Structures are given as C-alpha cells and as structure tokens.
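Take a look at this single chain, the form predicted alone, given in structure tokens.
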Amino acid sequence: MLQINPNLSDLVTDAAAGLADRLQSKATITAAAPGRVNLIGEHIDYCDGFVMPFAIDRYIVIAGCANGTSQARITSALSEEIVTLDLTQPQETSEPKWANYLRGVIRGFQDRGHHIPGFHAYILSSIPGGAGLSSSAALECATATFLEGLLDTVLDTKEKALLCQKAEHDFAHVPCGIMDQFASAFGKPNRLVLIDCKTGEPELVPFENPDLTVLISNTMVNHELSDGGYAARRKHTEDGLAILGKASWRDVSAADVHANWEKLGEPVNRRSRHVVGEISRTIAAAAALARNDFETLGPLMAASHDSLRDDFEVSCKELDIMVEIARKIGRNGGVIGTRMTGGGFGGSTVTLCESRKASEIAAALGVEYEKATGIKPQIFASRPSQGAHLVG
C-alpha cells in the first residue's frame, strides 16, 4: 500500500510546536531541505560521471530563532538530548554523531568569516533514515539554509552545496560525491537534476508527464556508509584510473578497461567496468527520457542495477528481491524500469512506472517482499520537488 507523503506545511507547524515545547522558543526562521532519489547514475558522481537524481517531497525541517547568546542549543524529534555548541570556537567533530552534520556546516560558515550568533533549533524529518535517500545531505542543506536566514545572507547555490559536501567529508567521514547535496540544493518541481560531475554544473531536465510515477521502496535494511564499504569502493575507482593512466574517467572507454583487465586485477577491473558503463548508461537514459523512449530506458535501469550488484557489489539480498519482484511485474504490468538507488548496502529501490498502475504495483511489491523476507517495506511515490529553501 502506498504511503502518503506528509505535507510540508504540517511538518513546519509540528517543528514550530516542537521548538516551543522543548526549548520554550518561538520559531522566527524555518528552513526545509529535501532528500533525493537517483533515477540512474550510481557511484559515479565521484568519478566525473553524470547522475540524474531529483529532490523528493520528503523533507528535513529546522525551526529556530536567535537566542541572544553565543551558544547553539539544538534538539530533534528523534532525540531527547539537547546538544549545546559553543559558537565562539571553530566547530570540531564530537558526540553525538548526528550533530556532526550541523557542526560541519557551521564550520563551513565560520571558515568563510561569518560570526554566527547563538540560536535555538528543533529538527523534524519525514525522510526515512538509512533508506538511501540522502537524509544526511538534506540535514546539511537545511542547516545551511537555516544559517542563511539567521545571518540574513544568501550563498550561491553551488557554493552552498559544496560547503555541505565538505561537511559530510570532514565531519561524517563519508567521501561522497556532489550528487546528494546538489539534488537537495538545486531541486525544482517537475525537474530532474542532471549533473555533470566533471564540470560541477547541474541541468534541470523536464519531468512533467503525469502518466509517469516514481515509486520509492524502502527495504528497511539500513546501511552505514562510514563503515568503510563506501570508502573502499571509491579507493578502487581511484586505483583503476591511476592504473589506466588517465586524468578522468570521462577519458576511459569500455575498450580501455577490457584491454587492461588483467593489469587492473580483481576487484578493480569490475569496479572500472561499472564506472565506464554507468556513465554511458546515464547519458543514454537522459536522452531516452527526453524522447519518452521507455523501451530503451527500462533496460538501461536494469543494466545499472545488475552492474551495481555484480561489478560494484553494493547491492544486497533485500534490494535484489525488491528489484526482482518489480521485474516480474514487468512492462505489461506497468513497470518501466527498476533498480537500487543510493549508496547501497541496503536502502531503497526506485521504480519508474505508469501512474494509473502505481497503487497496484506498490501493493504487489509490498506483499511479495514481505512474503520473501518477513520485512514490511515502506513504499511511497514522489514527484520532483522544491530544493532547500526558507519557509514563510
């Protein structure tokens, strides 16, 4: 059964109520930033590739106000703890870990010469954690947008996204590419964000066809990207490029990888094959989507998942089961394409389908997945939505 996405205005109201209840303060600044789902182009944003995510209509909301001190007092709906930060000092990593995302963004503003006044803040999220939907990037972008409101300043959108990416690198120790923060910052209604990760430039691609729906299926198997699996894959891609002697993965062909297969060695050769193939698939998928060529797009999404499963080895049993169920429903049942999305090791799948059959497809995915795994999934639909912004 399809879950209904919480209304953003309701989240804003609830966040203001949380601020009043927990910190006895009235919200004067409210920022919202969305999670993202990636239609195709996985694990190539740090390889100069192309990726095609969009901002989903699930958000992290931060409601707060200046408090007249030099301290930030921050709490969330998920924690009873109130975290206190000394804003007279440059921020460093500390406990609790979830607050490091905020510390990293604050440090980015401090490094740019901003004096940040004390504030109270309450955080509320409708993005499932650990679902591969970039709740961390949403938290970073929401924090940066909140600070813009607090300081009465506006960063260039690209600068803000890169500041948030650096926060994730330095404070969460996840060496992510630019996709997650760019999708959360640049997202627009009815637009995909096609990102050239070599130039760092996003292009908004129309996604207005009401006959198309994107289903996001959270397997409820959580991942931890800072445990080394993500960093190891990135290191493999760096090693592959060095062995091939190229300046960029955009200069590498499938023939180059094949010709140097033994030299690359296991598993770097397979990681390299994924990168080259996924870059090619994403370019082809963007072109297919532009001409509504779904017979081409579906197999490209299938090949992407198979490559992530077999060559990049970031899928898992539960993701594969969810994808296989959607594949069995097939084109005749309204499924255009399906694949895992996000960093992997758990998380979610993304299924592009016909809108008129979306509820039926979601029901089948839920029933069959629970039958196969004993786990009840979380399935919801999303359209491309507004990126990080101040509310009201």
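Note that residue numbering begins at 1 and tracks the sequence as displayed. Keep in mind that this is a model prediction, so the values were computed, not measured.
Here the subject shifts to the form predicted in complex with ligand ADP, a form of this protein not shown in this document.
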message = Under a 4.5 Å heavy atom criterion, is Trp98 part of the interface with ligand ADP in the predicted complex?
response = yes
query = Would Thr143 count as touching ligand ADP in the predicted complex under a 4.5 Å heavy atom rule?
reply = no
is_contact(Gly132, ligand ADP) in the predicted complex, heavy atom dist at most 4.5 Å = yes
ask   = Looking at the partner-bound form in the predicted complex, is Cys353 within 4.5 Å of ligand ADP by any heavy atom?
value = no
message = Suppose contact means a heavy atom within 4.5 Å; in the predicted complex, does that hold for all of Leu78, Ile123 and Ser136 with ligand ADP?
response = yes
ask   = Any idea which of 298-306, 146-154, 242-250, 98-106 reaches within 4.5 Å of ligand ADP in the predicted complex, heavy atoms considered?
value = 98-106
Single option in Ala63, Ile40, Leu365, Ile60 placed near ligand ADP in the predicted complex, where near means a heavy atom within 4.5 Å = Ile60
ask   = Judged by heavy atom distances of 4.5 Å or less, which residues of 148-168 approach ligand ADP in the predicted complex?
value = Glu168
